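Single chain ahead, by itself, as structure tokens, in the form predicted on its own.
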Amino acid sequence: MGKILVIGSLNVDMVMNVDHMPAEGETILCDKMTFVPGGKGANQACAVGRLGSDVTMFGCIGDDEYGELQIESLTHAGVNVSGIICKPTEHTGMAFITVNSKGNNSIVVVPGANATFSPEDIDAHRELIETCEIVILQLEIPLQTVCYAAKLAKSLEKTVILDPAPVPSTFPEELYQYIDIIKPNETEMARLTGEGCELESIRKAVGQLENKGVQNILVTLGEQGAYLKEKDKSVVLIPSRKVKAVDTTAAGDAFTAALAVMLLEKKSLTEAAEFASLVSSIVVTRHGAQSSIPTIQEIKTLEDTK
């Protein structure tokens, strides 16, 4: 079986559970703060590992205890960490996350070592791309590096999946031509296209991305499921499993990872999206980022009880 390469960010999440999100100028109290490994790239690599696929994490950390925490967490999840570069003069990325009583979150990221991830780093570890089958990218590392990696992966005929988060104020149009599958949520889709978040607006937004050269578009819609427009096929609406959400952190990352795992197993994009929806429905019922991601054994148990 092939390999999955995740190119992206590694952070330590500082999570605060609050009754409600603070309004502008408001001070609120929080009982405690927990430190957990996170970062969109690391979350996705962790999820791929827990779901049983061969995965390597490619990114940057600082020479500090938070970087060591990431290495330990990813190794425990079965991730190959040989592609993680330690930048001695930088600190490991950090994310400050508030989670309200409804399970919704708000995140502020301080990139740290992630911001130093360069095209030169990609060139120095080119073999990681050469030896994989699927490349997953996000946007918590420099856009120049994302574009460079995607272009290289595409030239090597790899399947490129982009999770376009966080959406930058100016999205590099060149990047669209290197993407095989783009997976925004409804808010990210609206930011990418200027359309709204309603279903009819999403249809228009999908048309925009198709015109830019993206062949397969999968928009996650939270509890409403997902909207899939595959090349030369009709739209498919993927239903979501009804659960009580307590924390949506890493749900999108787990979805992206699960999608790649199923594609590696040669499932159709629709089948992969259905599996990804199931995985993310488990993540939202648990607190934390990597700590909320289920193992393949848990997924099989859930499927057996249906």
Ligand code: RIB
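All figures in this text were calculated on a predicted structure; none of them were measured in a lab. Residue indices: 1-based, along the sequence shown.
The form predicted together with the ligand is left out here; the points below concern that form.
Contact with the ligand in the predicted complex, judged as any non-hydrogen atom within 4.5 angstroms, is confined among 51 to 59, 26 to 34, 248 to 256, 275 to 283 to 248 to 256.
Out of the listed residues Val167, Ile107, Leu199, Leu143, Ile107 is the one that sits within 4.5 Å of the ligand in the predicted complex by at least one heavy atom. The candidate spot formed by Gly38, Asn43 and Ile97 lies fully in contact with the ligand in the predicted complex, as each residue has a heavy atom within 4.5 Å of it.
Along 272 to 289, one residue reaches a heavy atom to within 4.5 Å of the ligand in the predicted complex: Ala289.
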